[in-house]
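In structure tokens, the next block holds one chain alone, the form predicted on its own.
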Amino acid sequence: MTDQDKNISFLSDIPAPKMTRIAVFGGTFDPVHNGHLSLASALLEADRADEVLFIPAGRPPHKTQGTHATPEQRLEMLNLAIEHHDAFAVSDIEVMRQGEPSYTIDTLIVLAEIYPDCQLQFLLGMDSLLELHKWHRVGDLVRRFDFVVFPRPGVRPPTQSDLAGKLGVRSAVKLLDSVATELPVFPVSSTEVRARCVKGLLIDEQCPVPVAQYIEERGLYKAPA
């Protein structure tokens, strides 16, 4: 064996650099709460991702009502919530789309250009999986990107035949293989937090302290006078 052959053999034994896995966590985050942060931490602990990128929606196409904080306020609360989490980050990519619906496929295409050397994984709640067939360009979305489907309280996974009837067999298999059954269920919800605020109840156990203080100082989610 020549020296050149030895060098080639040596190089072939070196493993390829591991791609950073970014879990893209989209949502209204109205407001962000401890359940969101616990889910993100559980993803890292389960070795499902290396980093979590939170993306608050600007104007969600599926939620035309019920958002009581401005996109800018939701963005500020997220930044406060993740301040001491090194593996968490926040993007304003959808908030900056003023006046336009926030379509997931468009956001992921842009992120893929920004992070070409990373593996993007879109976080999807089990409840959203049941409605995924209604999403914009869902065929391209499922074909082009990876998913992590997390459990939701009281929501059972769809059957493969039911999912295949709406999205096709290949997409159904891919999505069901993406279900992260090892992730715990976190029952707290933004709806619950807003309801507590309306009643004047404390939310220190539901939200990070800086977020609870932000909500209190600005009088967010209070009942109309």
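When you see a residue number, it is the position in the sequence shown, counting from 1. Because the structure is predicted, anything quoted here is derived from the model rather than measured.
The same protein also has a form predicted together with adenosine-5'-triphosphate, omitted here; what follows describes it.
- Between 156 to 164, 24 to 32, 171 to 179, 45 to 53, the stretch whose residues reach within 4.5 angstroms of adenosine-5'-triphosphate in the predicted bound form through a non-hydrogen atom is 24 to 32.
- Annotation: in the predicted bound form, residues Ile82, His85 and Asp204 none come within 4.5 Å of adenosine-5'-triphosphate through any heavy atom.
- The closest non-hydrogen atom of Phe150 lies within 4.5 Å of adenosine-5'-triphosphate in the predicted bound form.
- Proximity of Arg194 to adenosine-5'-triphosphate in the predicted bound form: non-hydrogen atoms within 4.5 Å are present.
- Interface membership of Leu183, defined by any non-hydrogen atom within 4.5 Å of adenosine-5'-triphosphate in the predicted bound form, is ruled out.
- adenosine-5'-triphosphate in the predicted bound form is not approached by Ala69, whose heavy atoms all lie more than 4.5 angstroms from it.
- Residues from 115 to 146 that approach adenosine-5'-triphosphate in the predicted bound form with a non-hydrogen atom closer than or equal to 4.5 Å are Gly125, Asp127, in the order they occur in the chain.
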